[in-house]
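Just the one chain here, laid out as structure tokens, in the form predicted alone.
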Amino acid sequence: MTLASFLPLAIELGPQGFWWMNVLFLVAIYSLLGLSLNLINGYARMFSLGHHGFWAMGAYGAAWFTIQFHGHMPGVPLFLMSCVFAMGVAAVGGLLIGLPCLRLRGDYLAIATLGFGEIVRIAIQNSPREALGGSLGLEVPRVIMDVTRKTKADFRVLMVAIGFVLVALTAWAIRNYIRSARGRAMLAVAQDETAAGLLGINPVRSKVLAFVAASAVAGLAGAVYAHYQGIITPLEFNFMEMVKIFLIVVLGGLGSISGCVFAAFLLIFVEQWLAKLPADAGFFKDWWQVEYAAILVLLMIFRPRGIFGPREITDVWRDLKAKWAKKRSAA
């Protein structure tokens, strides 16, 4: 019995089943990216637009590490070590951009981080072919398991499972961090940096820690993405991907963990469904990017604070129950 037989979506995976697996995997990856960016933009209240750079650093870091040690280490340990290495590379990038940009605010910080993300992408694109593959990209060996025609479904199910386990662990870690002493210090700095400094809180430490932690999670997302894709190119980490990550954070709600996951599923599903329409679908097929943008505009008009705002799904459910109970009692 194969791994795929345990999941209803993976039984006898055909084109539709593989499409769903791909959608769910992308939801997991963009949830990780959204959660990590939310730590900077939502909780620390810093305007960063360079997250695609950390994502690229993680993906290429994992790819390079896997290529270098392929055949010298067992598959699963190599996969785990490449993920750790990718997190370290991205965390160093977060430290390098975090320290010099601490005095910047608002749009200036956004421009600086955006420049960093584009520098990373262009540097990779112009790198020597033998180093990072240049514009042609890198082929990443599949080390976690042998991927053949028969085991392709098992591989996809396994990677989707790994992706959502990482999303759950990341959400749990961020939730506990926000409730910890360091997390509350970061929230205090976000509210009023001067007042927090007078209380003995080190603003520099809080900001740098947020950048490093968020970039490490983005690097982890890049590592898992690289192992799933099998080949990565610099064009996959362009500015439009950064816009998509930012929209996930804004639509889900700044400071909402469950909002990021929900918005990631909504955006990725709509995008993939519109792109999947047959060629004879006419307007719906040719203008899917316009329709995608229109849905986002409507959501921002009717929900300017995002789907959940700063609340979690449990808070929304509790409020709905309270309103329903009030209506029943009034009736």
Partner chain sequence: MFFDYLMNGLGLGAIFAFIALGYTMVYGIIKLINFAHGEFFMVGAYVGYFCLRDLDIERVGLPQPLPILLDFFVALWAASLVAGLLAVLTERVAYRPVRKAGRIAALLTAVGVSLLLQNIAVQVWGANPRSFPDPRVFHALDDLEGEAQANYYADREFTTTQGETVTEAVLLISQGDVLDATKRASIEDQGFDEVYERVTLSPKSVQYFVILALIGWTPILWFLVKRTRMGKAMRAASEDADAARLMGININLVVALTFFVGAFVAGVGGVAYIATYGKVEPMLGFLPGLKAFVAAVIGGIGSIPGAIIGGLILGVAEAIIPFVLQEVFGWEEAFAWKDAIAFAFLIVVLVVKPTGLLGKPMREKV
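Everything quoted here is computed from the prediction, not taken from an experiment. Numbering follows the first chain given and starts at 1.
The form predicted together with the partner chain is left out here; the points below concern that form.
Look at 260-268, 53-61, 23-31, 299-307: in the predicted bound form, residues with non-hydrogen atoms within 4.5 angstroms of the partner chain sit in 299-307. Just one of V208, L132, M73, L114 comes within 4.5 Å of the partner chain in the predicted bound form, counting any heavy atom, and that one is L114. In terms of contact with the partner chain in the predicted bound form, the residue from L158, L166, I144, C101 that brings a heavy atom within 4.5 Å is C101. When contacts are judged by a 4.5 Å heavy atom cut-off, V290 counts as touching the partner chain in the predicted bound form.
Contact between I97 and the partner chain in the predicted bound form is found at the 4.5 Å heavy atom cutoff. Contact check for E118: a non-hydrogen atom falls within 4.5 Å of the partner chain in the predicted bound form.
Interface membership of V250, defined by any non-hydrogen atom within 4.5 Å of the partner chain in the predicted bound form, is confirmed. Taking the partner chain as it sits in the predicted bound form, the stretch 218-244 comes within 4.5 angstroms of it through a non-hydrogen atom at F239, M240, V243.
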